[in-house]
Ligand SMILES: Cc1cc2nc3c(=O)[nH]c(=O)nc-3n(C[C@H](O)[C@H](O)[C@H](O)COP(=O)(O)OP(=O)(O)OC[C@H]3O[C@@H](n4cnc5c(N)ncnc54)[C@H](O)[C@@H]3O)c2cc1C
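Take a look at this one chain, the form predicted alone, written out in C-alpha cells.
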Amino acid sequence: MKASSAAPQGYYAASSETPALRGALNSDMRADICVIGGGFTGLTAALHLARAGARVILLEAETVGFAASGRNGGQIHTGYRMSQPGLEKWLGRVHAHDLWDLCEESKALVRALAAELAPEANVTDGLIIAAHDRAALRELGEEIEHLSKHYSYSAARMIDANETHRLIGADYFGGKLDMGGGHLHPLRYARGLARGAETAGATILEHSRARSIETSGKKNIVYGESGKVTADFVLLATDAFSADLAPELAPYIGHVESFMSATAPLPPALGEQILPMNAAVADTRHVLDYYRKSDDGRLLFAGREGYWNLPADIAPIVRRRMLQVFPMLKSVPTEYAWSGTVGITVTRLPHFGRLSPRVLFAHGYSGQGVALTSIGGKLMAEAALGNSGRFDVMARVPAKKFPGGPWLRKPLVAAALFAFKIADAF
C-alpha cells in the first residue's frame, strides 16, 4: 500500500494547480478591516468586504486553505448538526426558522461563488445520509416529514435499504437522499475565493501569523512577527485555533483530528458499483464515516478520528474502516492520507460573537463548515459594514462551555468523544 502526503492537504494539494505566491506582513499597515484566517470564513468575509469598497487586509499564518478549509471532506450539508425540531424546542420557532434560512442561503452562496470564482471545484449535487441502525432511519424519516411540512423543503426523500445499496454500493438500513446537499473540491474552492477577494481589492498576506490583538475604542491593532495592522474592525476567523489569539474562547472550543484518505482511481467495474450517481455519503454514527468520489474516480474516505496524539501513519487506520464498508476495495491501494483539525462546540452549532464591539469571531462549525463558513464570512462582513442583524441571529445562539479547566478540558472532551465511538458499536 502506497500512502503519501507530500502536502498537508494530501490528495487535494496533489490535484490542484500550483498556488499563487503572496507576500508576508513585514511592515506597519492600515486597513478598514483586518481579517485573521485564510480559510472559508475569512476569505468569504474579505471577498464581501472588498466588493463593498472596504480596505481589507487578510492575515494567514500559513497559506490560503492550509488548515481545515483545504483538507475537509468537501460535503455540503443541509441544516445543522442539531435537528430543526431540536432547535425549535431549544431556541423557539422564530429563531430556528431564521437559522434555517441562513443555512439554505449558505448552500446557494457556495454554489454561486464556486460557479463564479472556482468552477474547477466542481460542485456536484447529491448527499446521502445513510442510517446505521433502525432508530437512525426512523429519525431521518421524521426529519424529512418535519422539513416538508414546516419549511417547505422538498429536495430530500427517504430511500430504502435496497435503493441505498444501489446508490452507494454498501449496506445500510436505508437513508435520506438530499439533492440540496452535495460536494466539491475544498482546496480549489478556497483558492478561488482568494483570487476573487484579491481581484476585488483585498490584500492577502501569507506566512503572517497574528500574535496578539490590542483593542482601544475605534482603533484595533493586530500584531504579527514583523509588522502590525491597525484597523477599525478585526474579524477573527481561525476556527479551531481561535483560542490562540483569544484565550477566553478556549472553554467553548473542542478539537477533533479527522483522518482522510484517497485510493488510487477505481477500476471501471468498481467505479460503476460504488457511488454510481456520484453523491457524497455521511452515515448517522456519532463518529461517522463520510466519503465521496473524486473527479478522477478515486474514493475519498474519512472514517476515524483522533482526540489526543496523532498516529504516525494515518492510512492503515482509515483503510481498515473503509474495507469494512467496501470490502471489494481490498486490491485497490491507498495513495494519499492526511488529517485536519475540526473545531467543535458542545451544542454542535457555530459559535459567533464579539470580543469587543469591533472585534468579531466565528468558529465551531462542527464538521459542517463547507456551507456554514461561507455564510459565516458574509455575516461577519455585514456586521463590520454596519448591519449586524443577521450576524446576531447566529450570535444569539447560547454557547456552552466544555467541562474542565485548562488542564482537564482536553482529556474530558476526548473521553466523551471516545464514549460516543464505543456507543456506535452497539
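Quick caveat: nothing in here was measured; it's all calculated off a predicted structure. Sequential numbering from 1, following the sequence displayed.
Keep in mind the form predicted together with the named molecule is missing from the figure; the text below concerns it.
Relative to the named molecule in the model of the complex, residues 124, 147 and 279 are all farther than 4.5 Å at every heavy atom.
Heavy atoms within 4.5 Å of the named molecule in the model of the complex map, among the stretches 336-344, 323-331, 164-172, 271-279, onto 336-344 alone. Of the heavy atoms in residue 192, none are within 4.5 Å of the named molecule in the model of the complex.
The named molecule in the model of the complex is not approached by residue 391, whose heavy atoms all lie more than 4.5 angstroms from it. Heavy atoms of residue 241 reach within 4.5 Å of the named molecule in the model of the complex, making it an interface residue. Taking non-hydrogen atoms only, residue 203 never approaches the named molecule to within 4.5 angstroms in the model of the complex. Taking 89, 95, 157, 209 one by one, only a single residue has any non-hydrogen atom within 4.5 Å of the named molecule in the model of the complex, and it is 209. Scanning 54, 397, 29, 61 against the named molecule in the model of the complex with a 4.5 Å heavy atom cut-off leaves one residue, 61. Taking a 4.5 Å heavy atom cutoff to the named molecule in the model of the complex, the contacting residues in 72-95 are 72, 73, 74, 75, 77.
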